[in-house]
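Listed next as structure tokens is one chain, alone, in the form predicted alone.
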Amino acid sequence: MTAMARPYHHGDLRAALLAAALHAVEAGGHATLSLRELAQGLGVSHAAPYRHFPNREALLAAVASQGFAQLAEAWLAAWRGAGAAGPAGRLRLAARAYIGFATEHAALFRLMFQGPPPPGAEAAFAGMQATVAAALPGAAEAAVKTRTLTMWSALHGFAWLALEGSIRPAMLRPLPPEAMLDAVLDAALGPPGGG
């Protein structure tokens, strides 16, 4: 009589894999992420992760989706937390949260924007668009979408250039980096106090 395989029990392996993968991405980027190593670290068989993710790319897409959820949360938390600042000031603080997220989660941010947009990317953009609409009461939908995409392009471009080390000190002098960020925000959102 052959021994039967033990049933698989780990609790919520999908969530554990996502958490471990997110930690691995944040620690060393996604290029070296290995399902086998994640399984080993979680104390499960090498085949166990494939019950939740068909391949490494599917796991990375799920991690990127989590990143978009975290980015949207940071954006909306900054927007909501700056209630007294008025709509334009709240939008400016949310934009700073975008740059802050990119800086604090550089490896995750890079993963989020490689390849096709993962699930959650459109929802994050929709949250951003809702705050722009709130800052521009009465604006037509096309104007809100145009302003949102323009703002996002400026913020994302600045964040990406900064992360890649493409903004050299000589390009900024005599402006300190904070003044350059203010200039980008002015270009994307309008000057402080504007609409």
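Source: prediction; values computed, not measured. Rigid core (definition): largest C-alpha set, two forms, superposition within 1.5 Å. One rule holds for the numbers: they count along the sequence shown, beginning at 1.
Omitted here: the form predicted in complex with a further copy of the same chain. The next part is about that form.
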TODO: With a further copy of the same chain left out here, work out from 131-139, 34-42, 57-65, 162-170 which stretch has heavy atoms within 4.5 Å of it in the model of the complex.
DONE: 162-170
TODO: Using heavy atoms and a 4.5 Å cut-off, decide whether L17, Q70 and G100 all contact a further copy of the same chain in the model of the complex.
DONE: no
TODO: Check whether A48 has any heavy atom within 4.5 Å of a heavy atom of a further copy of the same chain in the model of the complex, and answer yes or no.
DONE: no
Task: is_contact(G83, a further copy of the same chain) in the model of the complex, heavy atom dist at most 4.5 Å - done: no
Task: Distance check, P119 to a further copy of the same chain in the model of the complex, heavy atom within 4.5 Å - done: no
- [ ] Please run the contact check for W152 against a further copy of the same chain in the model of the complex: heavy atoms, 4.5 angstroms, yes or no?
- [x] yes
- [ ] Using the arrangement in the model of the complex, list in sequence order the residues of 107-136 with any heavy atom within 4.5 angstroms of a further copy of the same chain.
- [x] F113, Q114, G115, P116, P117, E122, F125
TODO: Take the rigid core as the frame of reference and indicate whether the C-alpha of G165 shifts by 2 Å or more between the shown form and the other one.
DONE: no
